[in-house]
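Consider the single chain below, provided in structure tokens and representing the form predicted on its own.
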Amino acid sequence: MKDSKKNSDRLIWLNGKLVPVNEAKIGILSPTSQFGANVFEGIRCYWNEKERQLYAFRLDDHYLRLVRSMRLFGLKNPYSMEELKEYLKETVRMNHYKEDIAVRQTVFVDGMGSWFSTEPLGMFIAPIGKARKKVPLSAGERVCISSWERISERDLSPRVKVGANYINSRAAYLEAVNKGFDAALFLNRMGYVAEGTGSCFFMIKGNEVITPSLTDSILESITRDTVIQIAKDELKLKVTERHIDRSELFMCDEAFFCGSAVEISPISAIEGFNVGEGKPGKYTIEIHKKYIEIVAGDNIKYSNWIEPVYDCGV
């Protein structure tokens, strides 16, 4: 699938106006520029060629989390849920996307304040073409365990999507790449497995799918919730949310990351130990297949999770 629009030709929604991407500017002295004072959502929309429609995935859940992030971050939400939704749809429609895309919707502290400022607020919505992973999955990532600890409730809440939180992931990812790995896996303050750099973690032992609990310093992830429901309802697997010890990583049959950006991303090795046969496992492949069916609007059982962007097929 080819991008229908060059990245440099995109229109960005910025504070109520659609402007060319190169004209979408934020002040260099704003708290968002200086201190990462922003909250955001990464929302995926998938093109259904048969229906000639673009479907946004779990919009209501994304905006509920965005509103919660604003509240926790000390920002007074000026937008209704319907406004947040309509602004995204307007932006995508005006860009005439007929392909899979990713949309970054960010509420930020503007003006010329400091790290503690809570106003004035701005918002931008930035879509970009991003193709889905091909079915079936064929390769996995080589992962290291980061020397950096995952942020916890004692310092910055990992449950919400705050821009500054991702410096933690940046440090771990750069460390992994410098060591010759593809990705990193965090441990939390208690020494249990937390998550990847911008993605949640699952492992499979036998017919049991295991993932860290929400109190293990992880994002309250929408994709994680989706995977749990797919594993339970579609594959009829046992799903357990619990602490995961480091040594368990080297004895699991399958493992993968998940998130809006990475979708389902298999792990082939951890710290040099092959996961299973060192390639995507059968349940990981099946979960990904079901996931793509759902997000693209090809599984009517989950039609309440998808929302058409265009008023009718285009």
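Numbering starts at 1 and follows the sequence shown. Worth saying up front: this structure is predicted, and the values here are computed from it rather than measured.
Omitted from view is the form predicted together with a small molecule, to which the following refers.
- For the candidate set 91, 199, 105, 117, a heavy atom within 4.5 Å of the small molecule in the model of the complex is found for exactly one residue, namely 199.
- With the partner left out here, the small molecule still marks one of 235-243, 117-125, 160-168, 71-79 in the model of the complex; by a 4.5 Å heavy atom cut-off that stretch is 160-168.
- With a 4.5 Å cutoff on heavy atoms, residue 258 counts as touching the small molecule in the model of the complex.
- Contact annotation for residue 193: none of its heavy atoms lies within 4.5 Å of the small molecule in the model of the complex.
- In the model of the complex, none of the heavy atoms of residue 288 sits within 4.5 Å of a heavy atom of the small molecule.
- Interface residue remark: residue 84 is not counted as part of the site for the small molecule in the model of the complex, having no heavy atom within 4.5 Å.
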